[in-house]
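Just the one chain here, laid out as structure tokens, in the form predicted alone.
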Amino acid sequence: MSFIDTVFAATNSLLSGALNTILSALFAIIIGTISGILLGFLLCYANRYFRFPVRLYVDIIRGIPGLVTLFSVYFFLGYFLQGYGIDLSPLISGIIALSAMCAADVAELTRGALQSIPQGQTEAGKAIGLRFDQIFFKILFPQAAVHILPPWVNTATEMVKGSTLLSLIGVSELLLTANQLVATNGNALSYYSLIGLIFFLLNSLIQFLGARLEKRLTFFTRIKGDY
């Protein structure tokens, strides 16, 4: 069977697997990014009683393999929630685990970006009568976003690649779909080459969008700086 024949024969299965891959990565990136920015804010500006648990969370999640995080959510959190009548599906468990990993990385990126901004800019904002929320959203965060974006793109692509871990808890994402197709039809080289191409295209799209957004953020930040 040729490569083109392989693609057409497996279209339905691959589309289903690709959908689960895209959904799990997309939700993980959105939830993890929003949560991570909030956690990074707490690491910079909260008092020590809030900073300590956040710091502990970030260090633990970033310090253990993603597979351990996934199994912890799927088996331990899933078992705990069953006592309250909540049944976590494998896909939801995977999204939670990926979101937790993304949030920890984004929190550290946000902390580093915010702390890299000279303190004088905060003082200048206070001097002209701005409240802290105005200083943060109008001065600090736009500058921090420019620094966060390039490594955030790497984190986002890692979430796409990390979605392959979900196959280990039974989520029919691209890797598990390819494994099933190989077990049924053989032709391993064609199937794995195809899912490799799909992952490459997905991550290339993220990198392209990230580069465009970075240019826009840099442009608007420079305009604000001129004024």
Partner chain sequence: MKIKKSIQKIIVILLAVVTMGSVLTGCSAPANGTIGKPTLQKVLDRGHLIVGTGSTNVPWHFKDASGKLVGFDIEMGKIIATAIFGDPTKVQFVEQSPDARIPNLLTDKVDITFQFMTISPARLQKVAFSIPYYTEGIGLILPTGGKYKSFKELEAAKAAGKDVTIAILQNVDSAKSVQEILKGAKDDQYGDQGLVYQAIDSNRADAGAVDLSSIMWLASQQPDKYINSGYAGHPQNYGAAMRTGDQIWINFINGVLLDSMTGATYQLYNNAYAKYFGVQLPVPAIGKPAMFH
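Positions refer to the first chain, counted from 1. Values in this document were obtained by computation on a predicted structure and should not be read as measured data.
This protein has a second form, the form predicted in complex with its partner chain, left out of what is shown; the following refers to that one.
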> Of 34, 197, 189, 64, which one comes within 4.5 Å of its partner chain in the predicted bound form, counting heavy atoms only?
Replying inline: 189
>> To verify the annotation, which of these, 26, 54, 38, 169, has a non-hydrogen atom within 4.5 Å of its partner chain in the predicted bound form?
In response: 169
> Among 101-109, 125-133, 76-84, 139-147, which stretch has residues whose heavy atoms lie within 4.5 Å of its partner chain in the predicted bound form?
Replying inline: 76-84
> Is residue 153 close enough to touch its partner chain in the predicted bound form, meaning at least one heavy atom pair within 4.5 Å?
Replying inline: no
>> Is residue 88 near its partner chain? Define near as a heavy atom within 4.5 Å, in the predicted bound form.
In response: yes
> Does the 4.5 Å heavy atom contact test between residue 203 and its partner chain in the predicted bound form come out positive?
Replying inline: no
>> Is it the case that residue 179, even though its partner is missing from this view, gets within 4.5 Å of its partner chain in the predicted bound form, heavy atoms only?
In response: yes
